[in-house]
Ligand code: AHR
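Next up: a single chain in structure tokens, the form predicted on its own.
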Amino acid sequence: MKKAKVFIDKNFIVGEVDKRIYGSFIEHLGRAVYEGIYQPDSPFADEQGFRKDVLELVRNLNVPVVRYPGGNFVSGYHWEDGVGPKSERPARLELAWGVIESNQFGLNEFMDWTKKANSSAMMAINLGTRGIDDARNIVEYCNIEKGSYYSDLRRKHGYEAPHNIKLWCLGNEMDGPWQIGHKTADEYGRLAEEAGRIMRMVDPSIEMVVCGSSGHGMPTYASWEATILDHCYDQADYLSLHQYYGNQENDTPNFLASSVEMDWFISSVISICDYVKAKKRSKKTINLSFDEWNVWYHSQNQDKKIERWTQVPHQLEDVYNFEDALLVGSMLITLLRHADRVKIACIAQLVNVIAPIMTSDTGAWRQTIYYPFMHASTLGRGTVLHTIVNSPVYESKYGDAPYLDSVLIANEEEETLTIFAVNKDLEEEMEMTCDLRQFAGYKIVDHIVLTHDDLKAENTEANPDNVRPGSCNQSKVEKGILVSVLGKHSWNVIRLKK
């Protein structure tokens, strides 16, 4: 049995968890909206057409913020198409994903849905085919009470109170040649500066996320971030990061080591932000919004067969297996270990499209990745302590990868400690120890474990509980020392309470 030690000190703090780190994403793509969160002809629909079974699963995830309406979709989107009487809404060619968009679901329906989901909106604006005029108009529509053209138009549409959306994305992946209206770094940086400035003239209280690179593999990575921040540093509150991982080579150890690269990616973007801060001699710190992250590869061949200009095709419908859940757990741990700078993160996406929740006409169910996200979102609130993991390592394509990923969160108000841990060893259990003598009187109340003999095990509608968490009694505290036995290839949540 391998052994690992975790070292913490209650005075060595990374930062407070911003609850928005447990955000998600709904794009007009595939069945995320239609047949996902919205399906008026479903027996599960409420009076507004929202699927009640999906709402219950979303509420259980405790998602505080949802990014909308895209994604690639937003760069060709006219938000006005999706408001007002549904009979007057135009169907449009949706160029980003090659489908027909009916616009029967739009901004106001989304805001109604977020309230029922106990969430809030992270609204993206179109800086692909549109610009600063559209940016100011949508903020006016959403956030001004009355007395102006767009605020009164919202009231005419049946929404007297403003939506008061406080978090805005200035475009999406604007460096990508696949993006409608993609830009050079100088073009986007100038546009983001002007759009942000005029949006704040409408509502000074809003926060804004500017587009970082579409991924660290882009040829302009790092220079893109430095250039756009040089232009729009004063308007930016957060810089976005996007990254997906896959196991196309069917090499599980390398796949599970992806969190090593994710950690490097976050650290490198922090360095770029701080370089621009120093260059500008600014006292303002730019934090990060990792607003697209997940596993994505299962559906890529299937998606090539989709006929163009259909409505609501089955796109990006990855069916996740158990090893995907392990990596999602490690990615969540990585985000939390950077809680001082990663303030927002969005698992992409929420329903049907590379998502923890799947639906059919006869029901909704949890994918394997649902569970680590739910555990982190519901139990991972508080203060992240600087967690040093002394673990055996193995060689991977990203360099040495620890067999153990772990982070500890202290919640002083609730008098709880939560340890998230992933044992990546595919053959052996691991003994993990941690000195908790600074937390006298804390006792173990639960040790949740998610594991399965088959790394490729999936949850389906026919077998929705194939992979599900359970409890174990493999943890104890003796004389202030926590000793836990972590099963081979397992996600673990160890809860202690005073």
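Here the structure is a predicted model, which means the values were calculated and not measured. Throughout, we count residues from 1 along the sequence that is shown.
Same protein, other form: the form predicted in complex with the ligand, not shown, and the subject of what follows.
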| item | value |
| --- | --- |
| Residue among Trp224, Phe265, Trp296, Tyr403 with a heavy atom within 4.5 Å of the ligand in the predicted bound form | Trp296 |
| The ligand: the contacting residue among His242, His231, Arg337, Lys343 in the predicted bound form [heavy atom, 4.5 Å] | His242 |
| The ligand in the predicted bound form reached by all of Phe25, Trp97 and Ile354, non-hydrogen atom within 4.5 Å | yes |
| Contact flag, Asn72 vs the ligand in the predicted bound form, heavy atom cut 4.5 Å | yes |
| Non-hydrogen atom contact Ser289 with the ligand in the predicted bound form at 4.5 angstroms | no |
| Contact of Val467 with the ligand in the predicted bound form (heavy atom, 4.5 Å) | no |
| Contact of Glu173 with the ligand in the predicted bound form (heavy atom, 4.5 Å) | yes |
| Residue stretch of 268-276, 198-206, 380-388, 165-173 approaching the ligand in the predicted bound form, non-hydrogen atom distance within 4.5 Å | 165-173 |
| Partner contacts for 347-366, taking the ligand in the predicted bound form and a 4.5 Å heavy atom cut-off | Ala348, Gln349, Ile354 |
